[in-house]
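Okay, here we've got a single chain as structure tokens, the form predicted alone, with questions on binding and movement later.
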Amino acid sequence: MDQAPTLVIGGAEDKVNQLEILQTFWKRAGGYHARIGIIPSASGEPAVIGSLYQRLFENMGSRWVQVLDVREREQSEDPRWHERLQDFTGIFLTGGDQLRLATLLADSALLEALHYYRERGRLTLAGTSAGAAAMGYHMIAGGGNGESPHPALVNMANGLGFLPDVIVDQHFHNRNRVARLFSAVVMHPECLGVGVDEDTCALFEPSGELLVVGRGTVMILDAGEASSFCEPYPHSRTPVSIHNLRVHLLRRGDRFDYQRRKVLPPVYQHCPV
């Protein structure tokens, strides 16, 4: 199967000027032929947020944009979702509360349909802020900042599983979330930690390539060859100790092979400041 691309957006993406990230999603979903669905379930004001993104994509030229306003568990469990989603080419998950989003969608007919069409290359997926945080199987549901990394600093929950080997954190450097992503990766070293800044996107291609779009940075934490000196007991406030952890900091145009875990040449040479 050829999976469709997945856009992991750090939140606060430009909605006024160049709209670089939203334009990237729109183009990958089919551009003028895109049939876009917006799921604002993470938001406390789903009608307002859904309408905002609907207007944005319509202004780009989409003639077919729908808000899938799922607010109750019974709605996501409707068996008709498989039929309803067959004509969509792109789904956009908005920001808000990732735990609310995961609770509404987990093990539902809607989530099953999203996986089905994405895995067959028919549905480009994007999530911003909370929508980005929920992309992995292990999800950062909340936590603190400004402290040394330790297990109690981060609250983990089950995400939506679109990127099962990845743990995402968003608003990353903007909200000083480096320590909590370190903590999450120490507890789940099999996963790649991906911290995405605001107005920045990690574009996951089906080929295994990650491309950075936007004005900020994406931090990659790779514990594949690391060793831990101190066993990270859940809920412990003892600082973690980890050795040989690989850290990559990527900016616009940089690429990373997230399957083989290696840096790739950028799509263009960076100009000096």
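Sequential numbering from 1, following the sequence displayed. Keep in mind that this is a model prediction, so the values were computed, not measured. The term rigid core refers to the maximal set of C-alpha atoms that superpose within 1.5 Å between the two forms.
Absent from the display: the form predicted in complex with another copy of the chain. The rest refers to it.
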Fill in: Residue contact check: A12 to another copy of the chain in the predicted bound form, 4.5 Å heavy atom
no
Practice prompt. Determine whether any heavy atom of R215 comes within 4.5 Å of a heavy atom of another copy of the chain in the predicted bound form, and answer yes or no.
Written response: yes
Discussion item. H248 versus another copy of the chain, in the predicted bound form: is there a non-hydrogen atom within 4.5 Å?
Written reply: yes
Discussion item. Taking another copy of the chain as it sits in the predicted bound form, is N244 near enough to touch it, meaning that at least one heavy atom pair lies within 4.5 angstroms?
Written reply: yes
Worksheet item: With another copy of the chain left out of view, which of M60, A34, V240, V70 would have a heavy atom within 4.5 Å of it in the predicted bound form?
Response: V240
Item to complete: May I ask you to choose, among L56, I49, V65, M219, the residue with a heavy atom within 4.5 Å of another copy of the chain in the predicted bound form?
Response: M219
Discussion item. Each of D97, Y137 and S207 having a non-hydrogen atom within 4.5 Å of another copy of the chain in the predicted bound form: is that the case here?
Written reply: no
Fill in: Candidate stretches 112-120, 129-137, 78-86, 148-156, one within 4.5 Å of another copy of the chain in the predicted bound form by heavy atom
148-156
Item to complete: Determine, after fitting the two forms on their core, whether C230 shows a C-alpha shift of 2 Å or more between this form and the one not shown.
Response: yes
